[in-house]
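Below you'll find only one chain, the form predicted alone, shown as structure tokens.
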Amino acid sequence: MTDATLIVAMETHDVRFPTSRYLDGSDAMNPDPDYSAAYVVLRCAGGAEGHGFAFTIGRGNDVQTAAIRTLERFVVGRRPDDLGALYKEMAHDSQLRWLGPEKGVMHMAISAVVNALWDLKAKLEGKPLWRLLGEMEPEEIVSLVDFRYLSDALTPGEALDILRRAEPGRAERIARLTADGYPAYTTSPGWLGYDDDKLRRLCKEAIDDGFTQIKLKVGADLEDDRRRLRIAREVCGPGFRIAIDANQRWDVGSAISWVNALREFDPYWVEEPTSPDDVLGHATIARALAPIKVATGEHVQNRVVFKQMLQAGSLSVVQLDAARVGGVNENIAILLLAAKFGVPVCPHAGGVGLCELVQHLAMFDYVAVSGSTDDRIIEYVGHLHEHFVDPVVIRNGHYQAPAAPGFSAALLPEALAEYAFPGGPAWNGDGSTT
């Protein structure tokens, strides 16, 4: 008799949402994104499904989807049990690893499959992922992490100590999360393509909705940035946290001079001021701009670069991404690194489905790793949640803790059909929107 948990099939979908029509998601480096998901479904013999995806912004989503398909051989015929070993098997494959190693399209494909495996495992165990991870024994959590290249900064023993220190208050923190949720900030007012009236209205709405922080995109034109920040500061008032995000627009010197020109508006942090690979450049910027914080992470390619940034003092806010590094397993490593260095984690969520995913990682961090929400906050954008089976719920500026089993990753079947690229109805059957 076939084991009901045996994975018997993988399917992939190229799903794209035409967000460029309304400039949702627009910034200085990405002026016309179409939020997209290279989407994967794992099907078990007993009918259970695991869903995952890599986030892209349009062109190239077909390449990302093809990369995911190359991983079918690792999961079909397997069970979602030892996910530490299965993650390492994919990440260390002697041939596929050449395409990274551990970065880029192939690593994002691994992330999509790893996250689908965790979605499946959490469903089979009847728990939301944040709670499944949060209730694991510290030794089991440590076994999920690949410590190769990390041992000069974080050893398995140190990771175990971090988790054991957080263990006594777990039940209380789970109860608090369930009652109150996790703090959020909103980027929805700040897209670069929005006019001043829309910026003003959305800032006011953010305050009315209970958010205590917003974020504005910057970096295309300094005078435009000054005007938009002046509007935001007038609406939000002094002391209200306004972060700014350059999306890698600047060289090191121009990042320092540009942010200094915005200093009068009291930016809380500057995000992605330069190339995500420039560890020492970020450190130079951080020293020059203090006490303005430097935040980055959505394009940091793996745990090794995060390690170097923490060692070099390159950032004061870690912005892990749920779908760029190697999925849940590698993000656990990054959370442990951040805890070791005492740097708060404020996850990136500016894309289709990323809010749904990162809430679980931040809540796990609170329950089982850092034990704190001090200076920790999850990004929120209001786009595309209606297409998910278990969409995020925001109440009074807080993410409400998911209760449904899984990783909240499943798109509705009608969304998969409507936004399939290029043949779905949203794309006029030919990949066009006009």
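Keep in mind that what you see is a predicted model, and the values were worked out from it rather than measured. Quick note: we count residues from 1 along the sequence shown, nothing fancier.
The next section is about a form of this same protein that is not shown, the form predicted together with another copy of the chain.
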Let me test this: is every residue among 179, 325 and 401 within 4.5 Å of another copy of the chain in the model of the complex, going by heavy atom positions? no
Heavy atom within 4.5 Å of another copy of the chain in the model of the complex, from candidates 78, 170, 97, 198, belongs to 97
So another copy of the chain isn't shown here. In the model of the complex, which residue out of 45, 63, 389, 393 has a non-hydrogen atom within 4.5 Å of it? 63
Is the gap between residue 260 and another copy of the chain in the model of the complex 4.5 Å or less for some heavy atom pair? no
Classify residue 298 as contacting or not contacting another copy of the chain in the model of the complex by the rule of any non-hydrogen atom within 4.5 angstroms, answering yes or no. yes
Partner proximity in the model of the complex: residue 72 to another copy of the chain, non-hydrogen atom cutoff 4.5 Å: no
Residue-level contact is defined here as any heavy atom of the residue lying within 4.5 Å of another copy of the chain in the model of the complex; does residue 32 satisfy this criterion? yes
If contact means a heavy atom within 4.5 Å, which one of 402 to 410, 381 to 389, 364 to 372, 33 to 41 is the stretch that engages another copy of the chain in the model of the complex? 33 to 41
Checked 302 to 318 against another copy of the chain in the model of the complex; residues with a heavy atom within 4.5 Å, sequence order, are 302, 304, 305, 307, 308, 311, 312
